[in-house]
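Two versions of one and the same chain are coming, encoded as structure tokens; call them structure 1 and structure 2.
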Structure 1
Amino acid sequence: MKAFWMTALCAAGMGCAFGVLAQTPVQWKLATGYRAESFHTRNLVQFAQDVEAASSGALRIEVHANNTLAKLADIPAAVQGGKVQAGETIMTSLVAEMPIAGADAVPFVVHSYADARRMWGLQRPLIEGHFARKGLKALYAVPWPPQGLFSVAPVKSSADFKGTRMRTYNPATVRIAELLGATPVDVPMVEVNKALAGGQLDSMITSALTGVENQVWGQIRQYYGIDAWFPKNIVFVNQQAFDAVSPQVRQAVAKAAAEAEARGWAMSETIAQDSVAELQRRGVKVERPTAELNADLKRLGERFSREWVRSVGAEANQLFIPYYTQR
């Protein structure tokens, strides 16, 4: 009861000192679908520690990694329904409910971390609006390293994909597999190693880091650094849970989130380079795509882009027009 009144007073903006709250800490569970060792999760744990320190223990965020609390695909609904207070997901998994989140996986729009930053700056208000309408508060987003092409055999042109099996992780990769004439095989990030070892995959488009985490060198011989897109993970909290903590704690969360975002982008960029080097050390051939493959992929990207803008409508223009004009 005491906790309830303190929370109510704090929520009403009655000014509650951290000292008082420290006796009745609030706890949020935060679910993620990625491994504990993944840089996104390490960044999340640091975020949780920063919040705890900055709020003098008034808010504890418990990070549950590796799909243990909720499966990656179920995390947004779990947070929306209040089963879990906070979560992390990959934004491109949200396209059914917020098509603009798919901007992250339109091939060959973003070519560098600087481009990705500019894109996020334009996309952020739209994404925040969609989250708010679902009763969620978006906290921060961090990109995966650029997406490259992994293959068990050398690929010379798009014709080499015909009749092969391509690992997919979102609607965009499914469409790309279809456009290449490959069979899409949906495999969660944490099961890529098993699927490869089981001989279920011939290729995939993902980050060099994901290749390293899944130790793909047993089967994968080739990595082409095509930098196709930079998908982002987004961390969010149930708005009611957020509103139930004091203004000072909310401020501590916002500050730690901004720091986590800056830290995460820097980590991603460093890890992008380290991961390619690690693939090479492990005997994966790191090559540029042939001119023919490159041209095929660019054509595919343009087609995907046209389809995407048409299906998303006004919001796509709200994002792409300033993206392409304000350089």
Structure 2
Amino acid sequence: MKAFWMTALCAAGMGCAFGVLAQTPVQWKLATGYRAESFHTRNLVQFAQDVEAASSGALRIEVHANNTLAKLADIPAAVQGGKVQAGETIMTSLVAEMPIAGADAVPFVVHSYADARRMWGLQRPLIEGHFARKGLKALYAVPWPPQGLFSVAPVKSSADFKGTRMRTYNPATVRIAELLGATPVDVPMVEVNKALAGGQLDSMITSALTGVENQVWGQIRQYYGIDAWFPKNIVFVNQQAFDAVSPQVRQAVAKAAAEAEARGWAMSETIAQDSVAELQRRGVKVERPTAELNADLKRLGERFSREWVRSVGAEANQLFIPYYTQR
């Protein structure tokens, strides 16, 4: 009898979601550590709206930005433990438990958005395997704009770094500085302009977007699009929470995630181009690296790749062997 009345109401246009009577919508909370103004967060909000629309309101996702629900470093554990249903973090923050995520930060391996897409295509199934063992499901990943080289003076080859001071902020950038013959100087981004004005820095590797946000054009004269690496943010959900919704809702989430990934990559590329254009408007000379500098950085990339493969082991070969052989 119940089935009869459900069928009758749906046929009468009384409003059914996915062939059943409308029910109280499922609520997911999605935590991110990034500001509401970040393009990643804006993409998340659009993703949430798309899921709600595609599921006819059966699933609503609340996006909580700027560490308000959980701090960035704690988000994966919060989602895994079921404290929140979904989250976003930068891939490199996962390295301690899944070293394959560190491929994002191996310098001078990925040289373009096309390379980064190919890398993600090979990396994704490996990440998904690790996530599955933790009770997590990857939804999509989007890169930040690539890391470029800012310098107070022209740079034609790696020899130009000798005797200079390079801003560093993690072990990888320290190693880059040392291999280039520069002195590493640990400076938080918010203090870079002060360090530049005081003559404490000669160069740094960061994205054009970060350079624009921090208005580094006072002392900086050069920007080289070396595309050193493309760090990615990944969005994921607790697998039990995902499995608890209907197949139709899961399909809506998967579709919206695919659209968010495509949209996010396009947003990242547009923002990268706009940031470089803003640097030019501010008087920074924008150039591609010389052939000599490019060759020097490529050799460094090969060295970093070998070292990373040795440190990570067989799983790294599952990523890098096809990445290099399919070029």
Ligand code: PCA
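Because the structure is predicted, anything quoted here is derived from the model rather than measured. Under this definition, the rigid core comprises the largest set of C-alpha atoms superposing within 1.5 Å between the forms. Throughout, residue numbering runs from 1 along the sequence of structure 1.
Structure 1 or 2: which one is the form predicted alone?
Only structure 2 matches the form predicted alone.
Is residue 140 displaced by at least 2 Å at its C-alpha between the two structures when the rigid core is overlaid?
Shift of 2 Å or more: no.
Has the Cα of residue 72 moved 2 Å or more between the two structures, judged after a core fit?
After core superposition, the displacement of the residue 72 C-alpha between the two structures stays below 2 Å, so no.
Displaced residue check between the two structures: residue 284, CA, 2 Å or over, core reference
Yes.
Distance the CA of residue 201 travels between the two structures [rigid core superposed, Å]
Residue 201 is displaced by 9.5 Å at its C-alpha.
Rigid core superposed, residue 213 Cα shift between the two structures in Å?
Once the two forms are fitted on their core, the shift reads 3.8 Å.
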